[in-house]
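Just the one chain here, laid out as structure tokens, in the form predicted on its own.
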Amino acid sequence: MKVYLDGKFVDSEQATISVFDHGLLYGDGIFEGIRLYGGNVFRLEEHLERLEYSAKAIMLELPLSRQELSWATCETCRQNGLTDAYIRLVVTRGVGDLGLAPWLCPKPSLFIIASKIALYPKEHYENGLAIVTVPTRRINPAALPPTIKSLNYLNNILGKIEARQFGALEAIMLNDQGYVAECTADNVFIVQKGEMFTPPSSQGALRGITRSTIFDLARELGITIREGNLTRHDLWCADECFLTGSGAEVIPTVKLDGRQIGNGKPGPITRKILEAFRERVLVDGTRI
């Protein structure tokens, strides 16, 4: 496997960073998870825009322009002969000393990995996923804005560990007010009486690229979609539920906390959204 690392393509075994890199020492950096479908990098421009916003928010100077980042992303896929892949683009603060000060890191580091991903087994896309609510709360947006896609994922990892302890592959995370924020790695949507609802970013939800695609698809399909505060009760009593993310794509959820959602099967609106999404990913993006 070839990895793009600071301007060069190197074998994965030689793709290394310093132990003094602040991305490793402190999680000081940003990333994007991007999908390649049939030679089409899905919504690459939107991903790179979000990367730029994340960089600006943490005062990190990107080492490449958007055009250069686009080329490097596509070329990483070409170097590995891939037409379907998961792409991880990472920018770290770079090498510094053992102090927190980011201004002592003179040069950021950038690497891009393109490989395969299988977040959930295929049968769950057909039959739905059973998930749980975990005790770990999502970080308050006032402390760490979810709009910054940073390398600080320990909060999500703790939630993922608890999900596994409960025998689930994914979990709902609440915010400190008790409202649904998102899952450990996915955004969450419900369907109630023909309308779709999802938590706003102000409650701790990431403004996911797949999430924004769902808004577009809902409007095109004539389905009302709203942002609003959701509780566990709202999810328990929903007609349908599904999760979205670059890794997860669109996956139906049929059980939460041991309670069946709807009739316990992926619902008609979820199926419409999933079908429309699978068509969209082949045409909305950048060809490699």
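We number the residues from 1 along the sequence you see. Remember, it's a predicted structure, so these values are computed and weren't measured experimentally.
We do not show the form predicted together with a small molecule, though everything after this point is about it.
Heavy atoms of residue 253 never reach within 4.5 Å of the small molecule in the predicted bound form, leaving it off the interface.
In the predicted bound form, residue 246 approaches the small molecule with a heavy atom inside 4.5 Å. The closest heavy atom approach of residue 128 to the small molecule in the predicted bound form falls outside 4.5 Å. Using a 4.5 angstroms threshold between heavy atoms, residue 86 counts as touching the small molecule in the predicted bound form. Contact annotation for the candidate site: 149, 183 and 208 all lie close to the small molecule in the predicted bound form (heavy atom within 4.5 Å). When the small molecule is considered in the predicted bound form, only one residue from 153, 215, 120, 166 comes within 4.5 Å through any heavy atom, namely 153. The partner is absent here, but in the predicted bound form a heavy atom of 187, alone among 109, 187, 73, 203, sits within 4.5 Å of the small molecule. The stretch in contact with the small molecule in the predicted bound form, judged by heavy atoms within 4.5 Å, is 153 to 161, chosen from 73 to 81, 153 to 161, 191 to 199, 100 to 108.
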